[in-house]
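Below, in structure tokens: the form predicted on its own, a single chain.
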């Protein structure tokens, strides 16, 4: 992988991890986890685990929607 892309995706993953740790809002935390996943998926693809990358890319948005619905229900 190109070094500049590795650094960019690493920073996105690190930003997502730090944001997840610091954000107190439930919606913000779920969005931060999405950013973390977006930063990690290119590294999974780079290692050649395309089946895992496809699974993560399909499962992560669906789980995010269900978690957002559960958080919204818990806050109401």
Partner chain sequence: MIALYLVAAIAVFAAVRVVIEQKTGRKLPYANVMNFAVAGTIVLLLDHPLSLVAAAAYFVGSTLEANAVASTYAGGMKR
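Rigid core (definition): largest C-alpha set, two forms, superposition within 1.5 Å. Numbering follows the first chain given and starts at 1. Since the structure is predicted, the reported quantities are computational estimates derived from the model, not experimental observations.
There is another form of the same protein, the form predicted in complex with the partner chain; it is not shown, and what comes next is about it.
Superposed on the core, the two forms barely differ at residue 23: its CA moves less than 2 Å between this form and the one not shown. After superposition on the rigid core, displacement of the C-alpha of residue 61 between this form and the one not shown amounts to 2 Å or more. Residue displacement note: residue 8 has its CA displaced by under 2 Å between this form and the one not shown (rigid core superposed).
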